[in-house]
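Below, in structure tokens: the form predicted on its own, a single chain.
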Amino acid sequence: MGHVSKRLYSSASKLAVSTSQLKQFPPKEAILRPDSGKPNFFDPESWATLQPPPTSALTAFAHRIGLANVLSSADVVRRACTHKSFVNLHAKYYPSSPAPPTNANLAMLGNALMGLFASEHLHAAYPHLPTRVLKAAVSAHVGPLTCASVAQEMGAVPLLRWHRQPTTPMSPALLHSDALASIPRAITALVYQEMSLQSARKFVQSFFLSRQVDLRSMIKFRDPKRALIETVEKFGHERPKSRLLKETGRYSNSPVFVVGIFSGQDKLGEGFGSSLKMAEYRAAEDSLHRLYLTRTPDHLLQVPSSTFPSKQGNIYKTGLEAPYTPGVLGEAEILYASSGRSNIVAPKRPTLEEIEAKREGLDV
């Protein structure tokens, strides 16, 4: 076996190109030029990338993810796994052939649907979550890296057809993870297109929203004690006070203090540390985490998209809608409770009494 043949076999095996699906292997262009019959410089990796995945692999992929009724044909799966960057590579080697269908429109629609499902789910589950944390949580659930990871778990890596693109003044570089992330998005759009919005939501719930994401690590405060004071004042409760609950080894090299923060008789949070200041800092953080990470019970969790019928509907006819009871809107986070990058503290807003007194010319 020659050097070119060995490279062909190795490239084909890496890209999951089955030689049994090819009419001739190695191809003629790997050995001789079609016009003159002279030896040709041949790129086996580009040739292997241009070969379509086997039909059996596409069918097995549809059955593996449980969507054989939606991805009914191999052409549909092939389109969902073909990134728009593949068109440039195909046109370079086959200029006279029609361009293959890509998942560009499907991925755009699926990305919008996944953002909708993740936003309404997180907003209903955590009504007090700060806006910045909500955006970060949506990205953690259905962002590009998560979509690429889910595609790998689905086994879609050998089926992906794409072409790496460098950075241009108009667009950033296209990486493998970016192209791979388009596959789950395109599948979400296909489920929505072939079935219903409810079916697409269940698909996203099963593969994305059911994952555990550490939201606690996303909430950061520059001064949690001051943020807690502002928050408690906003809700109209007593000013929080710190109390030492437990301590050990005060005069040793490794003391431990446990501090609790109370608002009246209510305990808001608890923290420990090697100093009183550290314990109080952690207690204030714990108090804010308990507020912002208050979760709606699963049996009371309901999102607006759950009211749509589970079967394929008609936009020109009124269908059966499930009952929906909107949840209580959570209180927005205080302006000071941010990551602290700007170091800007918003001015305190005057109360209604102060505004009325100012209008009447009274001193407050």
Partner chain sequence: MATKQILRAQLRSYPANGHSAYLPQVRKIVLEYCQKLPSSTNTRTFISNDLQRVAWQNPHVEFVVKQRNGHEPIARGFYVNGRDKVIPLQEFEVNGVEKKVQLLLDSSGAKIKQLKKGRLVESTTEAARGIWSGLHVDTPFKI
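In this text the structure is predicted, and so the values were computed from the model without any measurement. Numbering follows the first chain given and starts at 1.
Only in words, not in the display: the form predicted in complex with the partner chain, which the text now covers.
- Heavy atoms within 4.5 Å of the partner chain in the predicted bound form are found in exactly one of 104-112, 69-77, 86-94, 207-215, that being 207-215.
- Out of the listed residues S149, S196, Q165, S263, S149 is the one that sits within 4.5 Å of the partner chain in the predicted bound form by at least one heavy atom.
- For the options K241, K135, K277, H176, the one in contact with the partner chain in the predicted bound form, meaning a heavy atom within 4.5 Å, is K135.
- Using a 4.5 Å cut-off to the partner chain in the predicted bound form, not one of L129, H237 and T307 places a heavy atom inside that distance.
- In the predicted bound form, I229 stays away from the partner chain, with no heavy atom inside 4.5 Å.
- The partner chain in the predicted bound form is not approached by R295, whose heavy atoms all lie more than 4.5 angstroms from it.
- The partner chain is not shown here, and in the predicted bound form it never comes within 4.5 Å of any heavy atom of P172.
- When contacts are judged by a 4.5 Å heavy atom cut-off, E270 counts as touching the partner chain in the predicted bound form.
- With contact defined as any non-hydrogen atom lying within 4.5 angstroms of the partner chain in the predicted bound form, the contacting residues in 225-248 are K246, T248, given in sequence order.
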